[in-house]
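In C-alpha cells, the next block holds one chain alone, the form predicted on its own.
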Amino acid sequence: MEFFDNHKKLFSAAALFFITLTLVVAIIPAIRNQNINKPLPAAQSLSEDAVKGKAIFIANGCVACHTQQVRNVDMDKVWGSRPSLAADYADIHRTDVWRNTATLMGTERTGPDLTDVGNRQPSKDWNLAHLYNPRIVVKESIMPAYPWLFVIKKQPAKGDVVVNVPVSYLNGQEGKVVATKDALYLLAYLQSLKQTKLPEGIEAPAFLYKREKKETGGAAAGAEPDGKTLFTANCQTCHQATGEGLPGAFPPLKGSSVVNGDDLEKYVDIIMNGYDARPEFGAMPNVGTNAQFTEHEVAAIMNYERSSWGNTGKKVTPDEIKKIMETIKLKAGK
C-alpha cells in the first residue's frame, strides 16, 4: 500500500494515465481523421474578410438558429445539391489559440440551412437589407434585426455601401443606411458559403427516404411544375408575393415590360443568368443556373408571373423556352 501513501507516485501515475488516455482516445484519432479527411480538390479557403465575418457570425449566435449540414434525407434537397461529407469540414481550423474549432454545423433549423446560401442567395443588396431588418424582405421572418451593424448618414461618403431600406423601417431617422465593415465582413462570409462540387467521376451520396408522388384526382404522371411554388421558393424573397418588389432594391414584376413583353430571350436570360444593368436596383444573381432550372420550370415561372398581379403576358411553352435556353448557352459559349 506504499504506492497509495506516496502522493508523488500516486499523482505521477494519475497524470501519466490521463495523458496516455488523452493521446489514445482524443489526439491520435483526431490526427488520423485529419490525415484521412482532406478538403475536396475544388474547395476554396475563406478570404480574410470572410474569416472576420465568420467571427461575427459566431459572436452573434447565428449558429443557434442556422445549421450548415445537408443531411442525406430527401427533405434536405432544398439546401444543397448533395448531402454533406466529412471532407466539407476538413479545412476548418481552430478559431484561435484559446478556442476550439467552430464547425458551425448547428443542431436546430429555426432558420434555413446556410450550407449553400452563397449560391442560393448571393445578392449583396438582399443580404444587407435582410441583416438590417429581415422583415424588409421576408414579412413573416422571426429572425432578429442587426441594426448595430449599420449606421445612418445624411450624406454617405464616396465608397460607402448604401443599403436600400424603405423609409418605414428607419423609425423616424433621416438619412441613408450605410453598412459598417462588420456588416460587409459578415456578408463576405455568407457569400462564401457554397457547396463544393465533387471531383468528376465521383457520384454524390443519394438522398434517402424519397417521397413518392401519388396520382390523385386523375392527375397525369409527369404533370408540369407548379409556377407559384417555384416562384415562392426562388423569386419571392426579392420580388415579394405581391410582385411589387422593393423600391430602390428589387424591381417590380407587376406591370413589368419584360414580364408582359414579347422579348422572351431577354426574359429567359434574366432568369437563368441574372441581370445587372439597372443602376436604381441591385444586381440579380443567376437564379436559374444556380437552381439548375429545366425548360419546364422556367416556363412554369414565366407563366405564373405573366398571369399574376394583373399581368397579361402570353402563355409560353416548354418547347419554345428550351430553344431559347439552347440559344443563350451558345451565345455564352462564344
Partner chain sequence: MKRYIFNYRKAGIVMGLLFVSLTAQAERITPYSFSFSSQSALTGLLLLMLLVVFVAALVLKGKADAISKQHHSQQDEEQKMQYYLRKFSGEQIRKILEATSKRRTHVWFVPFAGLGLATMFPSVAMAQIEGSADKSSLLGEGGIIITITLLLIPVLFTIGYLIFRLIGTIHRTQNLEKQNEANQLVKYLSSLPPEQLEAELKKRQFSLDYQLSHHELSGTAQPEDKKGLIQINEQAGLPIVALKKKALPRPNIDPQLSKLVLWYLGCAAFWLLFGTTIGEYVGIKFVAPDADHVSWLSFGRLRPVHTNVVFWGWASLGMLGLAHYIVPRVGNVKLASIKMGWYALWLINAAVILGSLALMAGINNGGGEYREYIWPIMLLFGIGVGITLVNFLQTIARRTTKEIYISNWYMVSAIIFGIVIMLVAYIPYWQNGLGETIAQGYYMHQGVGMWFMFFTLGIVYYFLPQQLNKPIYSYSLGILAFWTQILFYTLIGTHHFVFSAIPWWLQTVAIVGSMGMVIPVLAGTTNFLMTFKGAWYKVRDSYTLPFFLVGIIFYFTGSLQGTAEAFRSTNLIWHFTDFTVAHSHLTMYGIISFFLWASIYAVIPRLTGKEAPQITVGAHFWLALIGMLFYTIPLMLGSTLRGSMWMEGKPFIDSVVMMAPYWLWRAVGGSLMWLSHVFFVYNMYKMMANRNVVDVREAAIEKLTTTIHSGNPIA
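Numbering follows the first chain given and starts at 1. Definition used throughout: the rigid core is the maximal C-alpha set that superposes within 1.5 Å between two forms. Quick caveat, the model's predicted, so the values are computed rather than measured.
As for the form predicted in complex with the partner chain, it is not shown, yet the points below apply to it.
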| property | result |
| --- | --- |
| Joint contact, 167, 286 and 292 to the partner chain in the predicted bound form, by non-hydrogen atom at 4.5 Å | no |
| Stretch in contact, per heavy atom within 4.5 angstroms of the partner chain in the predicted bound form, of 202-210, 251-259, 156-164, 189-197 | 202-210 |
| Residue contact check: residue 65 to the partner chain in the predicted bound form, 4.5 Å heavy atom | yes |
| Residue 327, heavy atom within 4.5 angstroms of the partner chain in the predicted bound form | no |
| Partner contact for residue 106 in the predicted bound form: the partner chain, 4.5 angstroms, heavy atom | yes |
| Non-hydrogen atom contact residue 33 with the partner chain in the predicted bound form at 4.5 angstroms | yes |
| Sole residue of 178, 235, 117, 85 within 4.5 Å of the partner chain in the predicted bound form, by heavy atom | 85 |
| Residues from 97-126 in contact with the partner chain (non-hydrogen atom within 4.5 Å) in the predicted bound form | 97, 98, 99, 100, 101, 102, 103, 104, 105, 106, 107, 108, 109, 110, 111, 112 |
| Yes/no, residue 33 Cα shift of 2 Å or more between the shown form and the other one with rigid core fixed | yes |
